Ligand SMILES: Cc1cc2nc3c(=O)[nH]c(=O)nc-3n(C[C@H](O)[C@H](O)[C@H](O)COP(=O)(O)OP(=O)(O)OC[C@H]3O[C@@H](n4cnc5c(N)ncnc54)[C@H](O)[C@@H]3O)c2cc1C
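Here we start with a single chain on its own, the form predicted alone, put down as structure tokens.
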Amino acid sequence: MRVAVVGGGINGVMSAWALRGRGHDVALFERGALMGATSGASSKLLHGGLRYLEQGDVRQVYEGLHERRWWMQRAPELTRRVELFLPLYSHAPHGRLALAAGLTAYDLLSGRTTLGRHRWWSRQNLPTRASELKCDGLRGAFSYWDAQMDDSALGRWAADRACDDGVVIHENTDVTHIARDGELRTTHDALRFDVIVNVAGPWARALLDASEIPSHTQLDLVRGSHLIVNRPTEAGFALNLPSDGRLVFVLPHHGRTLLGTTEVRQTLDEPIVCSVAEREYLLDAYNNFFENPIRDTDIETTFAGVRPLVDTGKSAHAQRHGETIEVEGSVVSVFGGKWTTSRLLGERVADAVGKCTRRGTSRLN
């Protein structure tokens, strides 16, 4: 079949690659540059998502941990292990037993793909790489292992592999309309495909609405902002904020420190930039945990991306990052998804395309 994929983020690239692997003729359309939006503005982590265990989403964590290894094995030059410290203070929202249980589950779910087991450090024997933590109220810290990546470069690596396999990629090509019968219009052409895969991320629902294609899925658009601070850090930290229970990451990043992320609801009409309030939130988060504070003048740059979460009616930081796939005629639409599990999502999209017909509507979770 001739298949069009709309969206050049990581989920679009991995869907196109998987579809080509099933023998389809695949063309991918991206209105800007590949990895130019959400997929290039992540926290640069390949992980299972430790906090999803608190929400009971064991399957998502298991899949993320095992897909993490897939990326590391195939692109070792663009990925690496990172040690993360999870400090425990007397005012922490979770106690030592609860954190130990979560980290033990994280280790067990990783199975043979583990990057290292977690361990407990008392305040007295914290290693020097965690010595900048404030001592007041500090009971100790857990350490555990995840992986870091260069999201833009790793996404481009995947796109190159897809092109090598025969996927045709059209960058700077805006798709303005899609139809249930397989018609696709750009600003310059009208084309016909057997199936159209709409995986435009935050803009997936907007494309359906503009094309008058019904959908049962509502998206909750959440902006995640990050700071790059002119200060090195040897290890990473997962800061469990007592104010709202969220995790904020402090990560090594090319000799500097990456700090993020926030979770602020966003509309497509608003500029996707880090706000003053988000800068202050992240600075306060860091300074509440570390002896040597950072100031606004230490910030080298900021970046932000919008994550399309499937709306479950929960608060922004409680939304799940799983995906929903809908089929309407010859249009397969993908909502949600997570960077680490994008390869697995691509295989599920290819399965849906294989079952796609020109009649009926279905929804796959």
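Just count from 1 along the sequence shown to find any residue number. All values reported here derive from a predicted model rather than from experimental measurement.
Heads up, the form predicted in complex with the ligand isn't pictured, but that's what we're talking about next.
With respect to the ligand in the predicted complex, the three residues Pro87, Ser143 and Ile294 uniformly fall beyond 4.5 angstroms at the level of their nearest heavy atom.
Residues placing heavy atoms within 4.5 Å of the ligand in the predicted complex fall in a single listed stretch, namely 174 to 182, out of 189 to 197, 103 to 111, 89 to 97, 174 to 182. In the predicted complex, no heavy atom of Leu50 sits within 4.5 Å of the ligand. Arg68 falls outside the set of residues with a heavy atom inside 4.5 Å of the ligand in the predicted complex. Taking the partner from elsewhere, Tyr286 is found to have every heavy atom lying beyond 4.5 Å of the ligand in the predicted complex. Among residues of the shown chain, Gly155 is not one whose heavy atoms approach the ligand to within 4.5 Å in the predicted complex. For the partner-free chain shown, Ala200, Gly201, Pro202, Trp203, Leu207 of 200 to 222 come within 4.5 angstroms of the ligand in the predicted complex, judged by any non-hydrogen atom.
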